[in-house]
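A lone chain, given as structure tokens: the form predicted on its own.
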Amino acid sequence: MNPSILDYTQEELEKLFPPKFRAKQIYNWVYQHHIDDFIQMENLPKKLRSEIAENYRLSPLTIVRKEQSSDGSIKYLFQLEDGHTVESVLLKMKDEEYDESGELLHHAKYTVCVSSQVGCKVGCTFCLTAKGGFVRNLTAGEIVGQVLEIKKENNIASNRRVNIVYMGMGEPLDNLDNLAKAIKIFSNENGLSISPKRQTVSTSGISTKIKKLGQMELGVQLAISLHAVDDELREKLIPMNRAYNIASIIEAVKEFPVNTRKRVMFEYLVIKDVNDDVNSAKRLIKLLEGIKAKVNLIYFNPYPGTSYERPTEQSMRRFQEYLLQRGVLCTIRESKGIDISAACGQLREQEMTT
């Protein structure tokens, strides 16, 4: 099977298609003009276009299903060339704003949650993706293709930036090489030009690879899926915690290079009567001492077959207020897509069972 053109950095294309400026032209056509066929690259010689079309594919994935929420969120199921499927989500964070005369004041703001693996090795007990086990890593092109296809599908102009969060299916740091390559491809100024500052890697806490990611100095933001304040509970929720306990994660985070204007995000999935009590909030504050942190409280989204329940709004507010009153920046993530297959892996699960 021919490789996808999306798998290549500009530097790699420069070696494949000299002289160097050809790679810039290819990037421009693929990522800025959103072409559907290599033959559309009009400023390339016809012979070169034919050569590229003969030896490379444009996109390594296709949209096979989507669900749109009343809040504007859209969940996509992508099929890969080998028949496996992964999910991505487009979140509309802010609507367009117009003045009284109808002039555009602000463009809409979007975040795309992308997958990094087919399935996942981590095995979190609250996650539907884990039920199907791990299949394989995604290539850099399969990661990049999710954002490119979503931008094309929604007519999001090439000069409109989106935020990217690597928190779909899979553990991004388990696919570190392809993740790092995708980050570089996204940030290329001749392509999608999405700054690393707009890209957030969300990890369940592979402490050794957090350190390695930091040493790469890619400039991305870091989010830790913490979800518990002691190893006993975290091992029940995330069995991988036996290998990478909370202390090792906190140590790795303290070494991670953080932009002076940014904070490390700690994701805390709140589950009713499991980790939503004030004592947990108190212990969380102690854990985060010495870290420029922001805590993001997330409502657990129930799915068929799970024994976990969604917390009450009252318990969420109580947890948040306890942190805020003690100087810890804390937000409650607005639940999006609650009326569609909101839990990660749910759309894929439905497709596999129909």
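None of these values were measured; they are calculated from a predicted model. In this text, residue numbers run from 1 along the sequence as written.
Below, we refer to the form predicted in complex with S-adenosyl-L-homocysteine (SAH), which is not included among the displayed structures.
The stretch in contact with S-adenosyl-L-homocysteine (SAH) in the predicted complex, judged by heavy atoms within 4.5 Å, is 292-300, chosen from 319-327, 292-300, 23-31, 62-70. Ser202 is the sole member of Ser248, Asn178, Ser202, Thr111 with a non-hydrogen atom lying within 4.5 angstroms of S-adenosyl-L-homocysteine (SAH) in the predicted complex.
Checking Phe126, Tyr244, Phe134, Phe256 for any heavy atom within 4.5 Å of S-adenosyl-L-homocysteine (SAH) in the predicted complex turns up a single hit: Phe126. Shown alone here, Gly168 lies within 4.5 Å of S-adenosyl-L-homocysteine (SAH) in the predicted complex, counting heavy atoms only. Though the partner is left out of this view, Leu269 does reach within 4.5 Å of S-adenosyl-L-homocysteine (SAH) in the predicted complex, counting heavy atoms only. At a distance threshold of 4.5 angstroms between non-hydrogen atoms, Lys75 is out of contact with S-adenosyl-L-homocysteine (SAH) in the predicted complex. Mapping the unseen interface onto this chain, Ser225 counts among the residues with a heavy atom inside 4.5 Å of S-adenosyl-L-homocysteine (SAH) in the predicted complex.
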